[in-house]
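Next up: just one chain, as structure tokens, the form predicted on its own.
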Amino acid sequence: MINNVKSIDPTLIVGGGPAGASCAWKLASAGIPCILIDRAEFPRDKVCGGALSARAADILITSGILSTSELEELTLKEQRTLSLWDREELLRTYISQDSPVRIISRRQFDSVLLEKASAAGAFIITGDTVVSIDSSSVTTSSGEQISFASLVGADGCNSIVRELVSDRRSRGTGLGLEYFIPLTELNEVPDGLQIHFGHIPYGYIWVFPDGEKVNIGAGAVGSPASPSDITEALNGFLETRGISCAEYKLKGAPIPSLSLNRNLGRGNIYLAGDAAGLVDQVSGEGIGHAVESGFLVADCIIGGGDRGTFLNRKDCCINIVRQSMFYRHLLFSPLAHGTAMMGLRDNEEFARGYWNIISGRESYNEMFRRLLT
């Protein structure tokens, strides 16, 4: 079946999330034969706060993978209000006059991007898993052997492809957990987005309403907290608000932690999204970085393997994540946490800078340069 799809060995993309689907769409749109394989059947759920930054929205629209109207249809709620908390103390409520943060359903969003890749000409295989890889082909759980000219690992935090360019998989020391709670079950409906610091070392609890329900979750990256510590913190947060955790399903997933692959792979092996460690270490942004890195990898392949031209831009997702790995300590470390919380409470420009980071309107370097001048 596979051999009928190609006359030359294609690019093989492992993983059908935003990184893999974006890469496949751009390659297929450029006439590059590609096959995408994912172990899941779509639509499928994905642990994620579902926050799509304004920067990510711009990338999706300007690339052409989604039209403005299509993105509007995928948007459950637009948010411009952000409440910042340090444990039980409300530090500040910030209202942005600029572009909103969109709340999306990953189940719908990922499926639409995969459909876009298929419509562009990518060959999609779902419900099959890559179990082994050699220098020029992979073998799947169904027994299929697929040869490739280039291989793209978009298969998440515990990427099997990453092992080809690293002596270990991404350190999955980060963890994300989430509950979906109907708004009717809450004593008080949240006004906008909420970020609650102080419950988890090097992490936070989020409250993201989407119109009918609220996603309440916890995430920590490079944290000394154990999975049970993070679970206990999240459950305690809910219980103090009169929400019984036993009534709802807790979902969790690893988050790549402090193991960024700056070259997005090596040779004809590429990495994108979580497989490359492209998750912001402060805001938790992952969707936009996944999409952008998928496009970057496609550009490299279309350009004959030229990484330098496409990966060295100062404003690309790689450099944003690199900056977050430094600035995370200014927000989360025990020595700096108190000062950071006072800054968010007392300094309007600092709060605006934090919003700009979440919405993707400023890099960390840009924000701190602005605050210091």
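Source: prediction; values computed, not measured. For every residue, the number given is its place in the sequence shown, counted from 1.
Not pictured, yet referred to below: the form predicted in complex with a small molecule.
- The shortest heavy atom separation between Ile357 and the small molecule in the predicted bound form exceeds 4.5 Å.
- Contact check for Arg39: a non-hydrogen atom falls within 4.5 Å of the small molecule in the predicted bound form.
- Within 4.5 Å of some heavy atom of the small molecule in the predicted bound form lies at least one heavy atom of Gly176.
- Using a 4.5 angstroms limit between non-hydrogen atoms, Arg345 is distant from the small molecule in the predicted bound form.
- Proximity to the small molecule in the predicted bound form, taken as heavy atoms within 4.5 Å, picks out 127-135 from the listed stretches 262-270, 127-135, 90-98, 231-239.
- Of the candidates Cys300, Leu193, Val214, Ile255, Ile255 is the one whose heavy atoms come within 4.5 Å of the small molecule in the predicted bound form; the others do not.
- Residue Lys46 is the only one of Arg307, Arg328, His337, Lys46 with a heavy atom lying within 4.5 Å of the small molecule in the predicted bound form.
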